[in-house]
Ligand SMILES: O=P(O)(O)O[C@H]1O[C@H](CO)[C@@H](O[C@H]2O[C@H](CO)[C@@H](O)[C@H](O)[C@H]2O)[C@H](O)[C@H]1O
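Below you'll find only one chain, the form predicted alone, shown as structure tokens.
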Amino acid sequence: MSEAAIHPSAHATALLASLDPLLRQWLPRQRWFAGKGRPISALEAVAATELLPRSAPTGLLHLLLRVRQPMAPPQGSGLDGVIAERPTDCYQLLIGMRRTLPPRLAPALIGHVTEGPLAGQTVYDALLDPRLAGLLLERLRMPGRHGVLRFERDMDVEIPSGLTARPLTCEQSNSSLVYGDTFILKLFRRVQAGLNPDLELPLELARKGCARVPAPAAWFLADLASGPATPEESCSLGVLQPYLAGADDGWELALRMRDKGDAFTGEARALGRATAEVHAALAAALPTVTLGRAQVELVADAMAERLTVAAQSVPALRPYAPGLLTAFEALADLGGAGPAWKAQRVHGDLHLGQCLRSPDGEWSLIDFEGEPARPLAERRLPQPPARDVAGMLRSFDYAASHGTWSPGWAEECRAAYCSGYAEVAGRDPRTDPVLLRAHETDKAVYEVLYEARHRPDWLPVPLAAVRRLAGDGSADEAH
């Protein structure tokens, strides 16, 4: 969002001043906070909305704030010792306020405020308080405005009141509440101006009657412009969708079946069909484009630049960089020959963990946010469907690497998935090997950087793919 266009109220600034020292300590401990390992240089209020006033026995504050942090340059960049300002992230917080916190809410504690308008209050993570989580559901049941917040819903969907809320604990980049095993509310923690794809795309798919994606029942946004807000000036904050009770997470299901010695090829084929159905519905719902030579070269150049950045940060990647670069060079060369590749809206971060199998065996795709670390405008660009296919192929590799390395299991799943995709799409993704290799290589490079920063024990998994994709021996050697 444009910083110049937002002028926080004196009320918001004063409330944040009360919370500032506590939030500086609390934010870095949250799983969804992206700036771990760097000090916070400043917190700045964007908007503050009291959904329940602090004068009530229990208050509820909705807060949007910018976090400024210094950022060191990548190793080997020649800028050692130069500290730059990291682009600011805007975070969404829901803060409960009480004079005293009951023992059952002790894990939610943020701290005790000693100064400013909130002095004397104990503040805590409101999502861990069932009463305040229930209030949020009530606001979603009643469309309208509250300060800068705008609540909307599908009036054809019944949303009962009084559903008990429980938080999910497995997420990393966002937070979710399940209401009575009936609905799930996903709250975006890092927010940007513009319609979040995790709201935008399920809404469009619902209008096209695509049953592979749970349709939004309600959602809310923040309008931060001084006048009437356009969709590009609003921030998507959360979306309420049906909760698929009893559904199997695709990742957990794949691991269970693999460990039991059961084939996953039937499920992989069905997943391929489901992916192709969603791609077809997205192509029908939203504009598609044909990638010309210039566009393909831009895509290939962006992939090459991501490789350069990753190799600077992860020394283990450097020996393979020349071989990996050939994948992007081949894409640019083939793009110059004029193949008619189509680009459309896609999932953007597809893997087994983004898929759910219902008790009746049907697959659904969820979490259309894309890779949260990438700018929202980039995540909303049309992409070749091969990007999603490559993400799922990489996910089969990850599942095959869990425990005893099983390359044959991964290859069988990869082949079955592509065959299932072709049954619906009429074209097997493997018939575009240059396009598929480039996207799979780009994904593997992203994984190397992610694992090196967050899960070093997992780094051998993408490095095995890197070895294969660079044409430097068998992936088996890396396990």
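What you see is a predicted model, and the numbers here were worked out from it, not measured in a lab. Numbers for residues come from their place in the sequence shown, where the first is 1.
The following text describes the form predicted in complex with the ligand, which does not appear among the structures shown.
Judged against the ligand in the predicted bound form with a 4.5 angstroms heavy atom cut-off, the residues Phe328, Arg437 and Glu440 are out of contact without exception. When the ligand is considered in the predicted bound form, only one residue from Ser236, Gln121, Gln92, Ser395 comes within 4.5 Å through any heavy atom, namely Ser395. Contact annotation: of the candidates Thr88, Ser313, Gln383, Ser173, the single residue with a non-hydrogen atom within 4.5 angstroms of the ligand in the predicted bound form is Ser173. In the predicted bound form, the ligand sits within 4.5 Å of a heavy atom of Leu352. Interface residue remark: Glu451 is counted as part of the site for the ligand in the predicted bound form, having a heavy atom within 4.5 Å. Although the partner is absent from this view, Arg455 contacts the ligand in the predicted bound form, with a non-hydrogen atom inside 4.5 angstroms. When the ligand is considered in the predicted bound form, Trp405 lies well away from it, no heavy atom lying within 4.5 Å. Of the candidate stretches 304-312, 343-351, 271-279, 217-225, only 343-351 contains residues with a heavy atom within 4.5 Å of the ligand in the predicted bound form.
Contacts between stretch 88-105 and the ligand, counted in the predicted bound form as any heavy atom lying within 4.5 Å, involve no residue at all.
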